[in-house]
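One chain comes next, on its own, written as C-alpha coordinates: the form predicted on its own.
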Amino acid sequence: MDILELRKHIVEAIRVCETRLPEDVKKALRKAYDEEDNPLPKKIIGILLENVEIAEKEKRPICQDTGTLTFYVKRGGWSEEELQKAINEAVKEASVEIPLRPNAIDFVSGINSGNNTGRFIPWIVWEPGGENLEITVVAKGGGSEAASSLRVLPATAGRKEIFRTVLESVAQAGAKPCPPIILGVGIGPSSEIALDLAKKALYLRPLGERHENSIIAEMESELLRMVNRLDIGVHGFGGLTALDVHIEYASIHPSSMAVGVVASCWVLRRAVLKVNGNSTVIVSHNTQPFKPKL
(Lines give C-alpha, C1' and ligand atoms only; values in the text may rest on other atoms or scores of the structure.)
Protein backbone atom coordinates (compact mmCIF):
# COMPACT_ATOMS: atom_id res chain seq x y z
CA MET A 1 0.00 0.00 0.00
CA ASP A 2 1.40 3.40 -0.93
CA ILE A 3 0.99 6.62 1.04
CA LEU A 4 -1.77 8.00 -1.19
CA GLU A 5 -3.92 4.90 -0.72
CA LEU A 6 -3.30 4.99 3.02
CA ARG A 7 -4.45 8.61 3.12
CA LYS A 8 -7.77 7.62 1.51
CA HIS A 9 -8.28 4.98 4.18
CA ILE A 10 -7.54 7.51 6.93
CA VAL A 11 -10.13 9.88 5.43
CA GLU A 12 -12.65 7.03 5.53
CA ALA A 13 -11.75 6.29 9.17
CA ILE A 14 -12.43 9.94 10.01
CA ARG A 15 -15.76 9.72 8.16
CA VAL A 16 -16.73 6.63 10.17
CA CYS A 17 -15.72 8.36 13.40
CA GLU A 18 -17.76 11.48 12.63
CA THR A 19 -20.87 9.89 11.11
CA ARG A 20 -21.36 6.47 12.78
CA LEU A 21 -21.84 6.23 16.52
CA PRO A 22 -20.19 3.06 17.90
CA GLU A 23 -22.67 0.28 18.67
CA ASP A 24 -21.81 0.21 22.38
CA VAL A 25 -22.71 3.91 22.68
CA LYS A 26 -25.96 3.45 20.73
CA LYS A 27 -26.85 0.50 22.96
CA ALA A 28 -26.29 2.63 26.08
CA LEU A 29 -28.48 5.41 24.66
CA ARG A 30 -31.26 2.96 23.78
CA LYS A 31 -31.10 1.54 27.31
CA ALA A 32 -31.30 5.08 28.72
CA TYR A 33 -34.36 5.76 26.55
CA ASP A 34 -36.12 2.57 27.66
CA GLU A 35 -35.47 3.25 31.35
CA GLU A 36 -36.24 6.98 31.39
CA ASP A 37 -39.56 7.79 33.09
CA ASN A 38 -39.52 11.58 32.77
CA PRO A 39 -41.31 12.48 29.48
CA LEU A 40 -39.08 15.44 28.53
CA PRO A 41 -35.66 13.75 28.92
CA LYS A 42 -37.09 10.65 27.26
CA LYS A 43 -38.21 12.71 24.29
CA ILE A 44 -34.76 14.34 24.03
CA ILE A 45 -32.98 10.96 24.07
CA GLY A 46 -35.37 9.80 21.35
CA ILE A 47 -34.38 12.82 19.26
CA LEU A 48 -30.69 12.04 19.83
CA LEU A 49 -31.21 8.48 18.61
CA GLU A 50 -33.09 9.75 15.57
CA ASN A 51 -30.22 12.14 14.88
CA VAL A 52 -27.78 9.21 15.01
CA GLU A 53 -29.84 7.27 12.45
CA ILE A 54 -30.05 10.24 10.07
CA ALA A 55 -26.31 10.93 10.34
CA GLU A 56 -25.46 7.31 9.54
CA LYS A 57 -27.93 7.12 6.65
CA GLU A 58 -26.87 10.40 5.05
CA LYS A 59 -23.18 10.06 6.03
CA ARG A 60 -23.21 13.43 7.76
CA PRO A 61 -21.55 14.41 11.06
CA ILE A 62 -23.54 13.40 14.13
CA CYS A 63 -22.90 16.79 15.76
CA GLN A 64 -22.17 20.24 14.37
CA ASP A 65 -19.09 20.33 16.62
CA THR A 66 -16.96 17.80 14.78
CA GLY A 67 -14.32 18.15 17.46
CA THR A 68 -10.56 18.13 17.65
CA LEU A 69 -9.10 14.99 16.10
CA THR A 70 -6.68 12.79 18.05
CA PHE A 71 -4.94 9.79 16.48
CA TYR A 72 -3.55 6.88 18.51
CA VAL A 73 -1.06 5.21 16.18
CA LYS A 74 0.74 1.87 16.26
CA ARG A 75 3.17 2.36 13.40
CA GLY A 76 3.83 -1.18 12.22
CA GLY A 77 6.57 -0.78 9.62
CA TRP A 78 5.71 2.84 8.74
CA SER A 79 7.82 5.83 9.75
CA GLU A 80 6.47 8.60 11.96
CA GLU A 81 7.30 11.19 9.32
CA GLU A 82 5.27 9.56 6.53
CA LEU A 83 2.36 8.75 8.84
CA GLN A 84 2.20 12.28 10.22
CA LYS A 85 2.12 13.68 6.69
CA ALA A 86 -0.58 11.20 5.63
CA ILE A 87 -2.71 12.01 8.69
CA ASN A 88 -2.41 15.78 8.24
CA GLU A 89 -3.32 15.58 4.57
CA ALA A 90 -6.21 13.23 5.34
CA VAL A 91 -7.60 15.67 7.91
CA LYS A 92 -7.49 18.48 5.36
CA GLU A 93 -9.26 16.30 2.81
CA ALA A 94 -11.87 15.08 5.29
CA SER A 95 -12.59 18.66 6.36
CA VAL A 96 -13.83 19.35 2.83
CA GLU A 97 -15.37 16.00 1.92
CA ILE A 98 -17.40 15.08 5.01
CA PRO A 99 -17.40 18.10 5.80
CA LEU A 100 -15.92 18.99 9.20
CA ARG A 101 -16.38 22.27 10.99
CA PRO A 102 -13.05 24.16 11.08
CA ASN A 103 -12.00 23.86 14.73
CA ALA A 104 -8.27 24.69 14.70
CA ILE A 105 -7.57 28.28 15.75
CA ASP A 106 -4.04 29.56 16.25
CA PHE A 107 -3.73 30.83 19.82
CA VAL A 108 -1.29 33.66 18.95
CA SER A 109 -2.82 35.05 15.75
CA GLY A 110 -6.44 34.05 16.35
CA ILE A 111 -6.61 32.78 12.76
CA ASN A 112 -8.65 29.68 11.97
CA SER A 113 -6.75 27.43 9.55
CA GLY A 114 -10.05 26.38 7.97
CA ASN A 115 -8.99 22.74 7.64
CA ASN A 116 -8.61 21.42 11.22
CA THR A 117 -4.82 21.44 11.12
CA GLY A 118 -2.46 23.74 12.99
CA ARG A 119 0.34 23.79 15.51
CA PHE A 120 0.50 20.21 16.91
CA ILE A 121 -3.04 19.63 15.59
CA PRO A 122 -4.26 17.05 14.77
CA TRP A 123 -2.81 15.56 17.94
CA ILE A 124 -0.96 12.28 17.34
CA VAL A 125 -0.08 9.81 20.10
CA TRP A 126 2.51 7.24 19.06
CA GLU A 127 1.73 3.95 20.75
CA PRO A 128 4.25 1.12 21.26
CA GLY A 129 3.86 -2.38 19.86
CA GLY A 130 2.09 -3.81 16.91
CA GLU A 131 3.55 -5.53 13.86
CA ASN A 132 0.82 -3.98 11.73
CA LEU A 133 -0.37 -0.42 11.33
CA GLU A 134 -3.32 0.49 13.56
CA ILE A 135 -4.79 3.99 13.79
CA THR A 136 -7.54 4.88 16.24
CA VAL A 137 -9.17 8.23 15.50
CA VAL A 138 -11.07 10.12 18.19
CA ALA A 139 -13.15 13.28 17.78
CA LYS A 140 -13.34 15.34 21.00
CA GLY A 141 -15.93 18.10 21.11
CA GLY A 142 -15.26 21.38 22.89
CA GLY A 143 -18.36 21.43 25.08
CA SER A 144 -17.46 18.25 26.92
CA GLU A 145 -14.26 19.86 28.14
CA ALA A 146 -16.37 21.73 30.70
CA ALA A 147 -16.42 18.57 32.82
CA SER A 148 -12.73 17.77 32.44
CA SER A 149 -10.39 18.56 35.31
CA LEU A 150 -7.16 17.72 37.11
CA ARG A 151 -6.43 17.63 40.80
CA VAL A 152 -3.36 16.49 42.72
CA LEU A 153 -4.17 14.75 46.01
CA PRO A 154 -1.95 13.40 48.79
CA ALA A 155 -0.80 9.85 48.17
CA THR A 156 -2.81 8.83 51.22
CA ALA A 157 -6.08 9.93 49.60
CA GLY A 158 -8.62 7.18 49.18
CA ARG A 159 -11.80 6.41 47.32
CA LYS A 160 -13.74 9.18 49.05
CA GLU A 161 -11.36 11.95 47.91
CA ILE A 162 -11.17 10.56 44.37
CA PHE A 163 -14.95 10.40 44.11
CA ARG A 164 -15.28 13.94 45.46
CA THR A 165 -12.89 15.20 42.76
CA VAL A 166 -14.96 13.60 40.00
CA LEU A 167 -18.34 14.61 41.42
CA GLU A 168 -17.26 18.24 41.88
CA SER A 169 -16.09 18.37 38.25
CA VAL A 170 -19.40 17.00 36.94
CA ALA A 171 -21.54 19.15 39.26
CA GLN A 172 -19.68 22.33 38.37
CA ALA A 173 -20.03 21.63 34.65
CA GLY A 174 -23.77 21.00 34.90
CA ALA A 175 -25.43 20.75 31.50
CA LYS A 176 -22.55 22.37 29.56
CA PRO A 177 -21.05 19.04 28.34
CA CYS A 178 -24.39 17.92 26.77
CA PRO A 179 -25.30 15.02 29.08
CA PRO A 180 -25.66 12.11 29.27
CA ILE A 181 -21.87 12.13 29.41
CA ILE A 182 -19.26 9.40 29.58
CA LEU A 183 -16.40 9.83 32.03
CA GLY A 184 -12.80 8.67 31.96
CA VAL A 185 -10.90 8.89 35.25
CA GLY A 186 -7.12 8.51 35.40
CA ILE A 187 -5.11 7.98 38.57
CA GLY A 188 -1.33 8.29 38.45
CA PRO A 189 1.85 9.85 39.83
CA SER A 190 1.74 13.02 37.72
CA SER A 191 -0.73 15.26 35.93
CA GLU A 192 0.15 14.26 32.36
CA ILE A 193 -0.02 10.54 33.15
CA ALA A 194 -3.38 10.88 34.93
CA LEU A 195 -4.98 12.83 32.07
CA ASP A 196 -3.54 10.51 29.42
CA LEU A 197 -4.92 7.49 31.27
CA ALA A 198 -8.29 9.20 31.69
CA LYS A 199 -8.64 9.87 27.97
CA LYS A 200 -7.60 6.35 27.03
CA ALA A 201 -10.00 4.88 29.58
CA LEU A 202 -12.77 7.01 28.10
CA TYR A 203 -12.23 6.27 24.41
CA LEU A 204 -10.38 2.99 24.09
CA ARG A 205 -12.64 0.74 26.17
CA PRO A 206 -16.22 -0.10 25.12
CA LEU A 207 -19.06 1.19 27.30
CA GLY A 208 -20.28 -1.37 29.80
CA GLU A 209 -16.93 -3.14 29.99
CA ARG A 210 -15.51 -3.07 33.52
CA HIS A 211 -11.84 -2.90 34.50
CA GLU A 212 -10.06 -6.24 34.89
CA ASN A 213 -9.14 -5.33 38.49
CA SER A 214 -12.17 -6.10 40.66
CA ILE A 215 -11.55 -3.17 43.03
CA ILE A 216 -11.36 -0.66 40.16
CA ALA A 217 -14.41 -2.28 38.54
CA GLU A 218 -16.34 -1.80 41.78
CA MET A 219 -15.22 1.85 41.93
CA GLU A 220 -16.46 2.40 38.37
CA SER A 221 -19.92 1.05 39.17
CA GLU A 222 -20.16 2.95 42.45
CA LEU A 223 -19.00 6.22 40.91
CA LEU A 224 -21.46 5.85 38.04
CA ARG A 225 -24.32 5.53 40.55
CA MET A 226 -23.09 8.60 42.46
CA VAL A 227 -22.74 10.72 39.31
CA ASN A 228 -26.29 9.87 38.32
CA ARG A 229 -27.57 10.86 41.75
CA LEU A 230 -26.52 14.44 40.89
CA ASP A 231 -29.72 14.50 38.80
CA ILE A 232 -28.32 16.88 36.18
CA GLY A 233 -29.82 14.71 33.49
CA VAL A 234 -30.19 14.90 29.75
CA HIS A 235 -29.23 18.43 28.69
CA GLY A 236 -29.90 19.56 32.27
CA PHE A 237 -33.53 18.42 32.52
CA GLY A 238 -32.91 15.93 35.33
CA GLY A 239 -32.47 12.17 35.48
CA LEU A 240 -29.63 10.24 33.87
CA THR A 241 -26.36 12.23 33.89
CA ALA A 242 -23.78 9.65 32.74
CA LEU A 243 -23.89 6.58 30.52
CA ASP A 244 -20.72 5.08 31.98
CA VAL A 245 -17.54 5.68 33.96
CA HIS A 246 -14.17 4.12 33.15
CA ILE A 247 -11.18 4.28 35.51
CA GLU A 248 -7.56 3.52 34.67
CA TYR A 249 -4.57 3.81 36.98
CA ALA A 250 -0.79 3.73 37.20
CA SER A 251 1.40 3.31 40.26
CA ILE A 252 1.46 6.57 42.19
CA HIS A 253 4.26 8.62 43.80
CA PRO A 254 4.89 8.22 47.58
CA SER A 255 3.85 11.84 48.18
CA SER A 256 1.17 12.57 45.57
CA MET A 257 -1.64 11.18 43.48
CA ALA A 258 -2.93 12.98 40.39
CA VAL A 259 -6.58 12.45 39.43
CA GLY A 260 -7.54 13.40 35.89
CA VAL A 261 -11.13 13.58 34.70
CA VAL A 262 -11.92 13.60 30.97
CA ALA A 263 -15.50 13.69 29.71
CA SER A 264 -17.27 13.05 26.45
CA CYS A 265 -20.71 14.32 25.62
CA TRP A 266 -23.31 11.74 24.56
CA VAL A 267 -21.59 11.66 21.14
CA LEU A 268 -18.56 9.53 21.98
CA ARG A 269 -16.82 9.18 18.62
CA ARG A 270 -14.06 6.75 17.69
CA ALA A 271 -13.07 4.50 14.83
CA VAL A 272 -10.16 2.19 14.07
CA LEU A 273 -8.16 1.68 10.90
CA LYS A 274 -6.18 -1.55 10.74
CA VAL A 275 -3.79 -2.35 7.92
CA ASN A 276 -2.71 -5.98 7.79
CA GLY A 277 -0.39 -6.54 4.87
CA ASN A 278 -2.36 -5.56 1.77
CA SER A 279 -5.79 -5.86 3.42
CA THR A 280 -7.43 -2.91 5.13
CA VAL A 281 -10.31 -2.99 7.59
CA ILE A 282 -12.03 -0.04 9.27
CA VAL A 283 -14.06 -0.71 12.38
CA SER A 284 -15.76 1.16 15.18
CA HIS A 285 -15.33 -0.42 18.60
CA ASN A 286 -17.92 -3.13 19.28
CA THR A 287 -19.32 -3.04 15.75
CA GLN A 288 -19.05 -5.45 12.85
CA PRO A 289 -16.06 -4.65 10.60
CA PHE A 290 -16.85 -2.98 7.32
CA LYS A 291 -14.65 -2.10 4.39
CA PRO A 292 -14.06 1.47 3.25
CA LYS A 293 -15.64 2.72 0.04
CA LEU A 294 -12.88 4.38 -1.95
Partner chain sequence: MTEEYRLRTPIKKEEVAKLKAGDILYVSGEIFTSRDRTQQLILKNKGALPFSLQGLIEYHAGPIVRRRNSQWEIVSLGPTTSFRMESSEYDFIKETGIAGVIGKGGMGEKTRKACREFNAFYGVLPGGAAALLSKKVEKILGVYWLEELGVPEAMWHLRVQDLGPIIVAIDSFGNDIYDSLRKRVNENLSRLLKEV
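Just so we're clear, the structure is a prediction, and the values are computed from it rather than from any experiment. Positions refer to the first chain, counted from 1.
Same protein, other form: the form predicted together with its partner chain, not shown, and the subject of what follows.
Engineer: Any chance residue 99 has a heavy atom within 4.5 Å of its partner chain in the model of the complex?
Structural biologist: Taking the distances in the model of the complex, the answer for residue 99 is yes, it comes within 4.5 Å of its partner chain.
Engineer: How about residue 249: is it within 4.5 Å of its partner chain in the model of the complex, going by heavy atoms?
Structural biologist: No, residue 249 sits far enough from its partner chain in the model of the complex that none of its heavy atoms falls within 4.5 Å.
Engineer: Using the partner position in the model of the complex, report whether residue 62 sits within 4.5 Å of its partner chain, counting heavy atoms only.
Structural biologist: So residue 62 counts as contacting its partner chain.
Engineer: Can any non-hydrogen atom of residue 176 be found within 4.5 angstroms of its partner chain in the model of the complex?
Structural biologist: Yes, residue 176 sits close enough to its partner chain in the model of the complex that at least one of its heavy atoms falls within 4.5 Å.
Engineer: Taking the partner as it appears in the model of the complex, which of 69-77, 100-108, 126-134, 197-205 has residues with heavy atoms within 4.5 Å of its partner chain?
Structural biologist: Contact-bearing stretch, as computed: 100-108.
Engineer: If you apply a 4.5 angstroms heavy atom cut-off, which residues in 43-68 are near its partner chain in the model of the complex?
Structural biologist: Heavy-atom contacts to its partner chain in the model of the complex: 43, 44, 47, 48, 50, 51, 54, 55, 58, 60, 61, 62, 63, 64, 66.
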